[in-house]
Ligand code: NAP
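First comes one chain, alone, set out as structure tokens in the form predicted alone.
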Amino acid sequence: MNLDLNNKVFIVTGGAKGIGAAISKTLAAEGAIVMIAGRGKADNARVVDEIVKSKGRASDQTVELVNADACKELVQFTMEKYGRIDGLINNAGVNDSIDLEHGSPEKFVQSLQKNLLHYYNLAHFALPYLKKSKGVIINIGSKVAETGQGHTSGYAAAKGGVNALTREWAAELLPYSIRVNAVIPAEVWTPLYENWINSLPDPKTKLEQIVSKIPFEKRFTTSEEIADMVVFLASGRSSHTTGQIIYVDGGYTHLDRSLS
């Protein structure tokens, strides 16, 4: 299927690791131009190099997204380099375990800054250019917004906000033909997830417990499966899809627990 993404420009936050890296590579494989944004200069450069070696097009900007001015500069840098923005993929964030009992008001606000506020800031600054391109915004959320997890109030609140903003922006931006959707992962096998598993006292048993609760095929979702949905939503092949919160999770969030 031709997704008709040739020469379209997408900003991907956190686009050099895990799900973000898969999104960046899949967009580039479809002919899009990718601006990878994240705080890890070496990681950004590595993924850009991989894309270029595969005959794709990408560049990067090292940026601390909790800074609103840095978000504005990222948008301006992209416009100066490419002259257009066709899509914003809000992906960067971290499950930082800021909980109710042992956290603090200050840490809670910091968690919102890391996981939610830059979604708004980037969308705000990119909006004039997305109006011109009739572009797309795709927000990466988390099943935690719906299921809860325990001991991660900041992250849960932020991801709940992501879902709410997805539908709010979809409604607000209807007059500009800008589509806004969210993709929700649950258990995705990434290097960060692997590091967490290996830090536990009995990684093998914990891994088996988690996998047993994933209804479809009793396996983790791959980063590439998340990326495939994101890239489809970024394309004209999903031209009448907006305001949707789409779960790519092997049925983890919504199917009856008796199935697992």
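A residue's number is simply how far along the shown sequence it sits, counting from 1. Given the structure is predicted, the values throughout are model-derived calculations rather than measurements.
Absent from the display: the form predicted in complex with this ligand. The rest refers to it.
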(request) Decide whether Val63 counts as a contact residue for this ligand in the predicted bound form under a heavy atom distance cut-off of 4.5 Å. (result) yes
(message) Under a 4.5 Å heavy atom criterion, is Gly154 part of the interface with this ligand in the predicted bound form?
(response) no
(message) Quick check on Ala186: any heavy atom within 4.5 Å of this ligand in the predicted bound form?
(response) yes
(message) So in the predicted bound form, is this ligand close enough to Gly93 to count as touching (4.5 Å, heavy atoms)?
(response) yes
(message) What I'd like checked is whether Gly20, Arg39 and Ile140 together line this ligand in the predicted bound form, meaning each has a non-hydrogen atom within 4.5 Å of it.
(response) yes
(request) State the residue from Ala29, Ile210, Ala68, Leu192 whose non-hydrogen atoms include one within 4.5 Å of this ligand in the predicted bound form. (result) Leu192
(message) Among the candidate stretches 172-180, 140-148, 98-106, 122-130, which one is within 4.5 Å of this ligand in the predicted bound form when only heavy atoms are counted?
(response) 140-148
